[in-house]
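Listed next as structure tokens: two forms of one protein chain, kept apart as structure 1 and structure 2.
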Structure 1
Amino acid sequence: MVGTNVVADADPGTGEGRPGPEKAANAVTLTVTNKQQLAEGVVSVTLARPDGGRLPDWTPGSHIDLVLPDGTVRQYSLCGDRWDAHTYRIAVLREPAGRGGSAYVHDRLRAGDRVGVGGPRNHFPLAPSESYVFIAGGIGITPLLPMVRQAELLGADWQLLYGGRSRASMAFRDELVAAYGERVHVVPQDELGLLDLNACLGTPRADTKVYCCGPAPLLAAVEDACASWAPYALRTERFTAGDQAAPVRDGAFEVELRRSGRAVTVTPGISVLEAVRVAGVDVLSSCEQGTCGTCLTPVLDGQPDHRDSILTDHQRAANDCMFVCVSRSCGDRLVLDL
């Protein structure tokens, strides 16, 4: 989960009951202890508590919310060492087409600055397997970096396919090759073309899980290549919200907020989150694109039209929670535990 097109919902000064960035991300304040150029267009940022204390534990695949001093919130995968309880490390790609978060990190953020940090959360955990294929596109290497270390610790058989625009743009390239040698296949597009997915995914293997993080075209190609693999063998994390089918219903629906004893009508132009806030009920949110997971809300009745990029099919079928920033209703009525 890398911070592209994920924008802060929050304007702390509106006075309309919308949470400010700190509240939105349940953030604590950390200090930037180091900022370093890793590759062309990629910097790493190291964060620590001002008092040097322990940070919350995390597992490979986890991300944090970074709340920048200008109020923008972005999600970045943790790519440091979880045995170091005192620092978090993230890597940030400068994205000219982005909405300013990465530019802020690159151009303005400095060692000594304070930033808000929410999480960590993990929507991309490493499941046990005898063997793994890790596929990274560009900055999508970040969640996979702790995963390959973990696969190595677990004694699993693994391969990493790492594609990028050019060698110079590929963060962690040298350290990966130095540490793991032939397990790592570095494929700069300007020298070697695109990753040869068929060579590595052409034959489904029951003992193997495939983890992929990268831009949408890579994910789509990997999903195609894994079409004949067992369900759940492929696990992906998107940079941005996945493409969605049209909503199940195009009319308005009712949302009952059982705990607060209120009800609101959600019209086609607004989200459940917006409607709930208009009704005067606070819900924490961050990306408002169904990718970060902050606004998870328990569903008591009704069937959500899930439009997030987080829940698995199984979790969707359970019908017991939804991300109200993007998900809607299949029927006339939803009952939420709010």
Structure 2
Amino acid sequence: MVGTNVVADADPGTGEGRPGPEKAANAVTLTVTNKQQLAEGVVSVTLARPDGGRLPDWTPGSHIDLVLPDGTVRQYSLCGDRWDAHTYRIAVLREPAGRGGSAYVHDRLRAGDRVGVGGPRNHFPLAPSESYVFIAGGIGITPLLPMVRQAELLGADWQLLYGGRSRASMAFRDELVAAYGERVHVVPQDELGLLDLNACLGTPRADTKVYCCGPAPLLAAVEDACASWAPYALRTERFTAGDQAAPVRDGAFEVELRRSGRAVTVTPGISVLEAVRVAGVDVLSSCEQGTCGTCLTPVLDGQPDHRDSILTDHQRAANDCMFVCVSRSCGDRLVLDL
């Protein structure tokens, strides 16, 4: 069994972010203190409180909601120094086929601009292990960068396989090689082809955990290579939703919004998120594919039909939360803490 978590760093999804910074759950207003070109198509953005105060702590694998000045909401992995209590750093890949979030960051966001920031949240935590294999594809290096630093700090045995289209497109490449030397294997596809996964993963190791983030073909290849590994040895983070089975229930169901004192009927073809919004209850969302984690909602009663690409089997079995952008109901009724 493969453990899968998803955070969509690279302008994923099909729906535009709606709420502005003041509507983001637990959002704070931060200032862009620095913007830097890291590689072809990749910029870094450093954020801090306007008063220079302390920011919430975070752990390797965490991401934030970035609420841009035009109201667009996107998620990006934190890839700076987690011991720096006063700044956050993210890296943003320009997505020509995206919905405009990455283009805004690249073309319009400037030092001194104010943005809303929600989180941090971590759906991709680094579990304790004696040994790690980190595998990154392109901008998938961002959540793995703090993991590498943490593994080194703890004295774990680790190696990083980092693939990309070309050397020029691979952010943090020089920084990683300079800091860690031969533990970092940089594989530009235009020079060396694809990552040799069989050489690294062909023999299962009981004391090793594998962390991978990148495009879907890389994740599929890594999952195949780890098929004979122990359950949950592999943890992945996706940019887009994985394949889903057909819904458990074809018909309509009722959703009670306990805090709002309202009830809505969710009909086929309409998401819980859409039905809730029609009822006048605003829920922050971004990807609307069940990949980013923004619309996580507590479930008070009923059994959700989980259709996200984030929760583990254990978390799904608890039935105490759901992602309302894609998940539905197994029964006639759900009660949500909204």
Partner chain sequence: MTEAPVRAATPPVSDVDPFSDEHLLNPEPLHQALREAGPVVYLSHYDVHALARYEQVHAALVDWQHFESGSGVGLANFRHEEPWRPPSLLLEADPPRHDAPRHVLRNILAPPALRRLQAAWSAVAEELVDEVLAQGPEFNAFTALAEAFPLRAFPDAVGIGPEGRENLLPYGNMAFNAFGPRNDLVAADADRAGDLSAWVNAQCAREALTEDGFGADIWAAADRGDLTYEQAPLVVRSLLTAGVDTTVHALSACLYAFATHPEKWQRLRERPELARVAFEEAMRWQSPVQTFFRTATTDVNVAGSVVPEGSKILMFLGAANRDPVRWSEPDRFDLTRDPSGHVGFGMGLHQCVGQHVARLEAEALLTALARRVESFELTGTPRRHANNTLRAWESLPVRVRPSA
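In this text, all values refer to a predicted model and were calculated from it rather than measured experimentally. The term rigid core refers to the most C-alpha atoms you can superpose between the two forms while keeping them within 1.5 Å. Along the sequence of structure 1, residues get numbers from 1 upward.
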Would you check which of the pair is the form predicted alone? 2
Spell out whether the Cα of Glu256 moves at least 2 Å between structures 1 and 2 when the two forms are superposed on their rigid core. yes
Quick one: core overlaid, is Gly302 moving 2 Å or more at the Cα between structures 1 and 2? yes
Flag for Thr265, CA shift 2 Å or larger between structures 1 and 2 after aligning core: yes
Between structures 1 and 2, C-alpha offset at Val278 (rigid core aligned, Å): 3.3
